[in-house]
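Just the one chain here, the form predicted on its own, laid out as structure tokens.
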Amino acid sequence: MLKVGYIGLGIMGKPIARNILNAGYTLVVHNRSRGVVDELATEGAIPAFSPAEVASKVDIVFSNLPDSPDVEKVALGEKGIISGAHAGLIYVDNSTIKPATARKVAEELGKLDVFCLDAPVSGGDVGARKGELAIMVGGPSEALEKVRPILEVIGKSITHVGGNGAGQIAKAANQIMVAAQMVAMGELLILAQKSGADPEKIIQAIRKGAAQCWTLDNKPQRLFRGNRQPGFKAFMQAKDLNIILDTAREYGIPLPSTAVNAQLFNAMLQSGMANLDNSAVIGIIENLAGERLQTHD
């Protein structure tokens, strides 16, 4: 059986790595904070102390990191994957980063006969725990087919979008829609309540009609219980939107509603909400409207 490595064991990376381990794969893990490494080691994972060490010990190495500079450092920096790379290694990046960064990493590692797949995921912490993520893949199809059995452990939807960078473009499109849904949900809940209707009844009324979406299926009940903990942290949503706007400027693409949504999520960061769930953008709508969503146990 293939030996697998996983680097970056945060809200998404940890459950993904655990699912790979539970599927019976030999798993080598590394994370900047060692506590989670030790935790997975008690479950059978092999701890490593650098990305280079992980890469040297496995056939396939995954990463799940916060931003483009982090991926570039882990892949190409000192004691990075590039230092432990060997011909035939496959590098799969589950992070959400700039398409240009994904292409640069693929080009540099390709010089060492390493195959690279940018494979960002969608589905939040719930999808990660359940192994039901949507995975968008850019890179060579032959590498994808070798990795597919592992991706099927962590995801319910695997789509080969195109060459290197295409997976990140798909994730950018995904995040445009996610941000729009989160903002729209916040607006409609506050509109309902301040106008004198029951927001929970409103959700019941609309969620099976044309407004049906993942956000309305998964987020309102958490908000009604007063739970704004992540999920998917607001600062990560803001980061993704800034990546999208940078990419749009690079190609001369106007994205007016995404620009407004980016401002709302950046306002969360300035309002002390950076580590809350992305659905907590409702807090900015509440501040603007002077109306706090009522909650119950």
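One rule holds for the numbers: they count along the sequence shown, beginning at 1. We call the rigid core the largest set of C-alpha positions that still match within 1.5 Å between the two forms. From a predicted model like this one, the values you see are computed outputs, not experimental measurements.
Keep in mind that the form predicted in complex with another copy of the chain is missing from the display, and what follows is about it.
Of the residues 274, 21, 285, 11, just one reaches another copy of the chain in the model of the complex with a heavy atom at 4.5 Å or closer; this is 285. Here is the short version: of 216, 223, 153, 76, the single residue with a heavy atom within 4.5 Å of another copy of the chain in the model of the complex is 216. Using a 4.5 Å heavy atom cutoff, none of 16, 95 and 112 lies near another copy of the chain in the model of the complex. At the 4.5 Å threshold, heavy atoms of residue 210 reach another copy of the chain in the model of the complex.
For residue 136, a non-hydrogen atom is located within 4.5 Å of another copy of the chain in the model of the complex, even though that partner is not displayed.
At a distance threshold of 4.5 angstroms between non-hydrogen atoms, residue 33 is out of contact with another copy of the chain in the model of the complex. Using a 4.5 angstroms threshold between heavy atoms, residue 194 counts as touching another copy of the chain in the model of the complex. Listed stretches are 85 to 93, 160 to 168, 142 to 150, 67 to 75; the contact stretch with another copy of the chain in the model of the complex is 160 to 168, by a heavy atom cutoff of 4.5 Å. For the partner-free chain shown, nothing in 1 to 23 comes within 4.5 angstroms of another copy of the chain in the model of the complex, judged by any non-hydrogen atom. Core-superposed comparison between the shown form and the other one: the CA of residue 197 exceeds or equals a 2 Å shift. Core-superposed comparison between the shown form and the other one: the C-alpha position of residue 76 differs by less than 2 Å.
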